[in-house]
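A lone chain, given as structure tokens: the form predicted alone.
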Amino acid sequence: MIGSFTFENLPCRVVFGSGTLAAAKAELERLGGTRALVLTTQQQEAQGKSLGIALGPLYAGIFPGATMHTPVEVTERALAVMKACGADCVVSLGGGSTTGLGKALALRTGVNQLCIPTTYAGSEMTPIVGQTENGLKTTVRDAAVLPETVIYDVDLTLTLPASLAATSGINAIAHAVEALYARDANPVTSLMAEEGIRALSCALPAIAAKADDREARTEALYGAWLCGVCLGTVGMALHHKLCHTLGGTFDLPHAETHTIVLPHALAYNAPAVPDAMVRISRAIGAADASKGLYDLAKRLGAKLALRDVGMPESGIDKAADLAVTNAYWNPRPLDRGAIRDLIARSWAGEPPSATKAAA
């Protein structure tokens, strides 16, 4: 039986397909842009410059300094470049780091954003930006942060290494997992969440087996888009809070942190969300949702331990303290002892423990 619910459709235009990067100039013109600043990471600078050439007279310049967790000092440097070249819009070409920088600039200046993701991060579909200052990551939710247009071009993901596709894809799955037990969950978002998890859990092993599998790459990008919509439409819970805490405090890689923590956070919440567990299990084709996600990451060759991505063992207690600071909603009440155990298992790379999580 379907009860009462609220569903808010976010005003974002999506252009999805193969070769759709060619539409960038027309999409900027549609937004009224006249001088676009292209944003990339250092690694994708050449790709950004090629896009700039394609934009012709709309190209105002490039800022290739995007970095993970959107440090405030990087945003300020980009803002100076933006003012110097007279840009009236931004084009974010890359993964979550680049998208985050574009959002931070939009939050400060109100400029329009054209987002062209090259990973499965999903943040391009949300009105949320996470920013880091003095080792602490905070999030802002504001309509001004949502990109006006997103171009998904499957061709741009063909060169994403299978190892990065794996962690980026599981990062996307995390958005859908938490959407299924969100406080403001609704039937429409839940449909998208289950389908997004299914699409990615099918596509990622195929990409691992054959990196240039265009059909699998298309399925993965489609799944990532659905998961991103979930992230932007409903609230998140313990998993995302933990990953923001760990990433901002210990400067851990975003997607890998999500990949490692997800099975453990899900095991913690499992006793409180039986219906979500059934849907996740069905989507990934596993008897147990949390163990199935752990096994998926293992099968894809992803790192399974926080210690392997740079977290010190001495940080476990600090992370547990931070995780229960600043009250936030979660389907299961926050228990510091159980959360510490969750983080310790994540740090060691052990399989998720439903028994301990429910203690």
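Note that this is a predicted model, so its numbers are computed, not measured. We number the residues from 1 along the sequence you see.
The form predicted together with nicotinamide-adenine-dinucleotide exists for this protein as well; it is not shown, and the discussion that follows is about that form.
Only one of 186 to 194, 204 to 212, 105 to 113, 153 to 161 places residue heavy atoms within 4.5 angstroms of nicotinamide-adenine-dinucleotide in the predicted bound form, namely 153 to 161.
Between nicotinamide-adenine-dinucleotide and the residues 245, 269, 233, 119, the one pair within 4.5 Å by heavy atoms in the predicted bound form involves 119. Scanning 323, 51, 297, 68 against nicotinamide-adenine-dinucleotide in the predicted bound form with a 4.5 Å heavy atom cut-off leaves one residue, 68. Taking the partner from elsewhere, residue 198 is found to have every heavy atom lying beyond 4.5 Å of nicotinamide-adenine-dinucleotide in the predicted bound form. Though the partner is left out of this view, residue 129 does reach within 4.5 Å of nicotinamide-adenine-dinucleotide in the predicted bound form, counting heavy atoms only. Residue contact check for residue 263: none of its heavy atoms lie within 4.5 Å of nicotinamide-adenine-dinucleotide in the predicted bound form. Heavy atoms of residue 95 reach within 4.5 Å of nicotinamide-adenine-dinucleotide in the predicted bound form, making it an interface residue. Using a 4.5 angstroms heavy atom cutoff to nicotinamide-adenine-dinucleotide in the predicted bound form, none of 134, 241 and 340 count as contacting. Along 43 to 60, residues 43, 44 each place a heavy atom within 4.5 Å of nicotinamide-adenine-dinucleotide in the predicted bound form.
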